[in-house]
Every structure is written in C-alpha cells, then in structure tokens.
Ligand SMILES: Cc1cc2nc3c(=O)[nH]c(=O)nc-3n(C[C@H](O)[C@H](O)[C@H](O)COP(=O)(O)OP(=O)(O)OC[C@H]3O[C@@H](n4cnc5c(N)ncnc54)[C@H](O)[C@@H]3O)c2cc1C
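Quick setup: one chain, the form predicted alone, written in structure tokens, and binding and motion questions come after.
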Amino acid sequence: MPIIHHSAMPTIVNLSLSPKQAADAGSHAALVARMLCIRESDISLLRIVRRSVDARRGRIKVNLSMEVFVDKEPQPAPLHFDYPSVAGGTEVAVVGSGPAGLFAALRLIELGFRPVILERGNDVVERGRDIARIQRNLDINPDSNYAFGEGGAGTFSDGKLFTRSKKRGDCNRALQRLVWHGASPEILYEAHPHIGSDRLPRIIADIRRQIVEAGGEVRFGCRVDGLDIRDGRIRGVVAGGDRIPAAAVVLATGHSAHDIYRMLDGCGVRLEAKAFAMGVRVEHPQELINRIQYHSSDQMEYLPAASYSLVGQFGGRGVYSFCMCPGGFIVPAMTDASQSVVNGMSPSRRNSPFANSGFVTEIRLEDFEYLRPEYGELAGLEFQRRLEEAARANGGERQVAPAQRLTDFVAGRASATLPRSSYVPGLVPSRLDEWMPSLIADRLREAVRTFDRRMHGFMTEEAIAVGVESRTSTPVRIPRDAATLMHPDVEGLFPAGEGAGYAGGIISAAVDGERIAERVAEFVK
C-alpha cells in the first residue's frame, strides 16, 4: 500500500452515494479509505461537514463532504463556549427573547455585560399551554402565542435554520452555539439544517438557564410600553409603569409586535415603511411532493421528506415559496382574535403526512401609498391588518381559517368541499380569490400555473390554499446606522433582528443579535 503524506489539516473527501449507501454510516470509512489508498484502521476521525440530496436528473444521489483525520493528526478541539459570571456588571436591557435577543444576551455575557431580558410572553412551558389552547379553538393570549413568548416566533412555528445570508457574521458560530445548548450536531452539515419545533423549546430553555446562571436576568410577562429617552440618549425602558434603567437597549421584539412600532412612533422615534410580502399557505400530501421531487424512487425509504423552493416573476413582481415545511403542519399564528393568520412548522422527524409552504408575492410601498396620509410610516401595518381581518371575516369561528382547493383558487370558483388538512382548528371553504386584493390573488394564480409546469402535479385537487400568510417580514424598518448599528437619532438604542427589518429567520436573526451585542459593548465602553 502506498504511503500517503497528509498535511496538518484534515483531508476533505466528497462522496456521491445512493440514498441506501448514504444511510449506511458504517460503510463510509471503508469507502473513504479506498479513495485515499489508506487502511481503514488509519482513520482516527471521520465526520460529515456537508450533506445534500441531488434529485435533479432523475437518478437520486446523496452528496457527502467528509473531513478525514488520520493517526497522529491533531483532531479538532471539542466545541466549547465560555460564559463568565456577569453578576454586578453593567446592565443592558434586551427587549424580546427571540433568537436576536437571546443570542445578543449570550454574546453580551461573553463580553462582560449583564443582560436583562424583558419578554412580554411566557416561558416555553407555559407558552406551550397557551398554544395548546389556541389549537383547541379556545382563547388567544395576545402576549403569549405562536408569535410571542420565550424563543420568539420560530420556537413553535418553524424550527428551520436555513439562511441565504452570508453577509452578517458567522452563521456557523450561531449553529455551533445551538449545538452547545442541545441541538443535534447534524445542523452543522445539513444543506437545510432543521431542529424541529418539538425539540427547539428544550434548547431555548437551556439558553435561558445559561443566561441566568451567568448572572443575567429574564423577566417574563414584562411588556415594554415606553422608552426613557433624555437628551437624545436612551436611559432605559418603561414596562407596566415601572422604569427599568439600562446603559443601552437592544430592541429585538419580532415582526409581529405592532404595538412596539406604534409606541416608537408615539415617542417620536423615526421609522421607515418598507416592502414586504403576503399571500397564502399551500398544503399538499407529503407523499405527492415526494413522488414529484424524487421521481418515484425505489429508495424512498432512505430519503427525507421532500421539499421544494419555487420562485418566479409574475406581473412584474416576485412570487415565491416561503418557509417550506416538509412533513409539517399549518398552525394558527394570529396574535389577536380579530385576525386569521397562518404559518407552518415541522417536527424534528418531519413525519406528518402533509407538506406546506407559504406562497407570497411582493407588496410594494406604492400598494399602500393611499394609507400613508393617515397612517404615515405605519401604512404597511394597516394594509396587513386589513387583509388579516378580511381573512377572519371570511373564515369560521375563533381560529377556523378560510381555505380553497388550489385548483379552484386558480380557476376562480368555489370549493364545495375541502380535503384533509393538518390545520387542527379547522377550515371552512371560502373564495380567497374574491376577497384578497387582486394584486396578490392574480399573481398567485399565475404563479401556480407556472409552478405546476415545473413540478408536474403540483396543481391538484388534493392541494389547498389557506388564508392568510401575512407575517413573512415586517412592513416597518427601524433605521440604524450602518457602522454603529444604533438608531441614528437615539444614542444607545440598538434595533435588532426581524422586527427591526434586518433579518429573515432564526439564524440570520441570531447572527444579527451577536453583531448588535458587539456594537453595544463598543458604545458602553
């Protein structure tokens, strides 16, 4: 056997395997050893750094990139994060305990500051009970639901960690931090990493425990309703009539905290209207999506629930799938009983018989220009509210949502009946195409026709459109300076994450929170 000289760095080996071969982890070492012309016993560590499924050409392959360490090569140090005690340290208020807020708090601790997290909702355990009541068509707690509460909107209604953003810091560090707090190491190498809404609450609880053990503080049921601003600098926040002093404030309240935007507007803090997207959530049987994407592969049992990503230009605007949930559920994401809002989630095993995805189109500033004379920079919020209330008016009692067979939606006709659905509170047939703004309905219909040509069988009687998917992002941006990340007009106020308009998912929000913490440290020092 020839002698192979290796550098101090691990060797990267790329394998293209059948689904069955890829599922047999015990065979990987022998394949790698054969490729490198070494003995299998020479391999001291073999680990996957990237895994993806390629089903584009009919013959499905699983692509694995693997790091290979051989004897006497230094192996990577175990993953570790150090959180020193910050008891008695300079206090920074963090408003919101979503990914931006939690990751800002963890980074603040690493930098020696004491975060005080102010969360309007309940902890993950009590929040789970609040969500169970919503699913049973009981009352909605406006402060603790699928959008609000410990962990933010993604905790119970997402769990996906994929981000296209590579501009705002180290996404890998954010993933590693989640692994440190209990997530599966698989998220470090999956092409579309996913924790699952059944596992994420335990990880969020562990992050909170870490923050408290390090000397930080988390206050639940603490809704911020005012800011203490003096001489152009923030001195703290007001919650429940009490003033909470802080050296700086991280505002990480999420995209559904409409009252926060109104409070900021009332305080004279500058805001900016921004474009966003709205539409419906489309659901199919997962088995149908598997057949379409995997071409009826004879190795389906070794493959994950299939997903899809669709995008196109229709009527001069983008229409795209959003937050696709293979093996998932549609969930009620409203924060008020007057609304009908839906979102999607997937458990870790992605074993629901349904697949769902948001289907949305661009909403531009000119679309709600007619509202600006009365609502100013909050005109987009009003446009969003009116569609959500229209959906509620055309749905059923409580959380029962309006829905239409996808074929009927495209054809412009009523659905006499609806197929089975994952949406637990229930559905009622409704002509979504009649009460939705035509700028949304017309583009969605055209998009579905086109997407059906790309994924033959996508437009089917078995698929439904459920209304409405309206919380893809915020219609308002809280401006901040590109260098300091502070609000341009209020020293010490640091808008963060999705609610500020600077992120679009768990990981991008987490990375944004870490960057904010670093700028806070520079400001306070």
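One rule holds for the numbers: they count along the sequence shown, beginning at 1. Only a predicted model underlies this, so the values are computations on that prediction, with no experimental measurement involved.
In what follows, reference is made to the form predicted together with this ligand, a form of this protein that is not presented.
Student: Identify which of 402, 154, 115, 326 has a heavy atom within 4.5 Å of this ligand in the predicted bound form; exactly one of them does.
Tutor: Selected residue: 154.
Student: Could you check which residue among 280, 250, 100, 108 gets a heavy atom within 4.5 Å of this ligand in the predicted bound form?
Tutor: Checking each option against this ligand in the predicted bound form, the one that comes within 4.5 Å is 100.
Student: Going by heavy atoms within 4.5 Å, which of 35-43, 490-498, 62-70, 457-465 lines up against this ligand in the predicted bound form?
Tutor: Residues of 490-498 come within 4.5 Å of the partner.
Student: Mark residue 306 yes when one of its heavy atoms lies within 4.5 Å of a heavy atom of this ligand in the predicted bound form, and no otherwise.
Tutor: No, residue 306 sits far enough from this ligand in the predicted bound form that none of its heavy atoms falls within 4.5 Å.
Student: Spell out, yes or no, whether the shortest heavy atom distance between residue 357 and this ligand in the predicted bound form is within 4.5 Å.
Tutor: Contact check for residue 357: no, nothing within 4.5 Å of this ligand in the predicted bound form.
Student: I'd like to check something about residue 93: if you look in the predicted bound form, is any of its heavy atoms closer than or equal to 4.5 Å to a heavy atom of this ligand?
Tutor: Heavy-atom contact with this ligand at 4.5 Å: absent for residue 93.
Student: Contact with this ligand in the predicted bound form for residue 340, defined as at least one heavy atom pair within 4.5 Å: yes or no?
Tutor: No, no contact at 4.5 Å.
Student: Which residues from 222-240 come close to this ligand in the predicted bound form, meaning a heavy atom within 4.5 Å?
Tutor: The stretch touches the partner through 222, 223, 224.
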